[in-house]
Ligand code: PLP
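The chain below stands alone and is given as structure tokens, in the form predicted on its own.
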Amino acid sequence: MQIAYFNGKFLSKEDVKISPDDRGFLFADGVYEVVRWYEGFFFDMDSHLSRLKRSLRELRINWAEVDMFPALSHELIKQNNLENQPAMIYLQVSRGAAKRSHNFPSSEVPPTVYANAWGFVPDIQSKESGIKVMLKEDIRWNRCDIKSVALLANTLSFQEAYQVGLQECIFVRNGLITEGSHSNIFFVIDGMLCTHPESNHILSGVTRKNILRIADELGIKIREEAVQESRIRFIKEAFISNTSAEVTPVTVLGGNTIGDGVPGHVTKLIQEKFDSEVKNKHEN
């Protein structure tokens, strides 16, 4: 039996009942957060909590108990017997259930809060050999910085990539490469690590933030600047990042082979440092 968290209670996932009037269902009026469990700890939970608070503020959703996210995540791991395996926590907060209307309901309407946990097997092969991804015009709204549950454009685009055997869809907006359907993307050009700067056009990934820190500690030059699609031929290395995939090399981008078609030196350095930090946390 899988245990979930729902509006202040831990209960069987099958017993969770969400109102058909919930604004998350009717309007995709909500936010979510995903954090990874590393068989003993959550990686950078503080940043996940900070991003969750920001998303809630941006949508003007008041969840007074937001600071309990780390504690309820630990409890879900415990109650689902996931302490000794890789696992993910998914949390979603909607504006709550109220009569359907485009204006917000009364502030007395409580948010709907749901979270669950599941174990998973990390994709080691993709991290070692790299993935192939497609390029597509960015059809999403202009507030990609909010971790909103309104992901229809993302899922449609990812499905398009999936159906032709590719592992991610990378977006292009006005000729500039932004990010993936569920990942950030980095490039190595002339020995410099390049990625789109934080803005309303990308999600500020927690893994992204840590990669920039790691690169700086390794002495790798960094440029937070959007890369033009027309410069693909100059890209020597590329990789995506997210909570589950960590640092995953990209060997083919939009039909173009990147570098020698294998994970590059800078990518491997960052992977090794990231993995080392995780290992050190286990040992401590």
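Predicted model, so just to flag it, every value in this text is computed and none were measured. Note that residue numbering begins at 1 and tracks the sequence as displayed.
What comes next is about the form predicted together with the named molecule, which does not appear here.
Q: Which of these stretches, 215-223, 44-52, 249-257, 65-73, has heavy atoms within 4.5 Å of the named molecule in the predicted complex?
A: Only one stretch passes the 4.5 Å heavy-atom test: 44-52.
Q: So the named molecule isn't shown here. In the predicted complex, which residue out of Val206, Cys194, Ala87, Leu91 has a non-hydrogen atom within 4.5 Å of it?
A: Here the answer is residue option Val206.
Q: Here the chain is shown alone; which of Asn80, Gln167, Ser157, Ser183 has a heavy atom within 4.5 Å of the named molecule in the predicted complex?
A: It is Ser183 that has a heavy atom within 4.5 Å of the partner.
Q: Mark Lys132 yes when one of its heavy atoms lies within 4.5 Å of a heavy atom of the named molecule in the predicted complex, and no otherwise.
A: No, Lys132 is distant from the partner.
Q: Should Lys147 be classed as touching the named molecule in the predicted complex when contacts are defined as heavy atoms within 4.5 Å?
A: Output for Lys147 is yes: heavy atoms within 4.5 Å of the named molecule.
Q: Check Glu179 for me: does it contact the named molecule in the predicted complex (non-hydrogen atoms, 4.5 angstroms)?
A: Yes.
Q: So in the predicted complex, does Tyr32 come within 4.5 Å of the named molecule, heavy atom to heavy atom?
A: Judged by the heavy-atom cut-off of 4.5 Å, Tyr32 is in contact with the named molecule in the predicted complex.
Q: If you look in the predicted complex, which residues in 218-246 sit within 4.5 Å of the named molecule (heavy atoms)?
A: Ser241, Asn242, Thr243, in sequence order.
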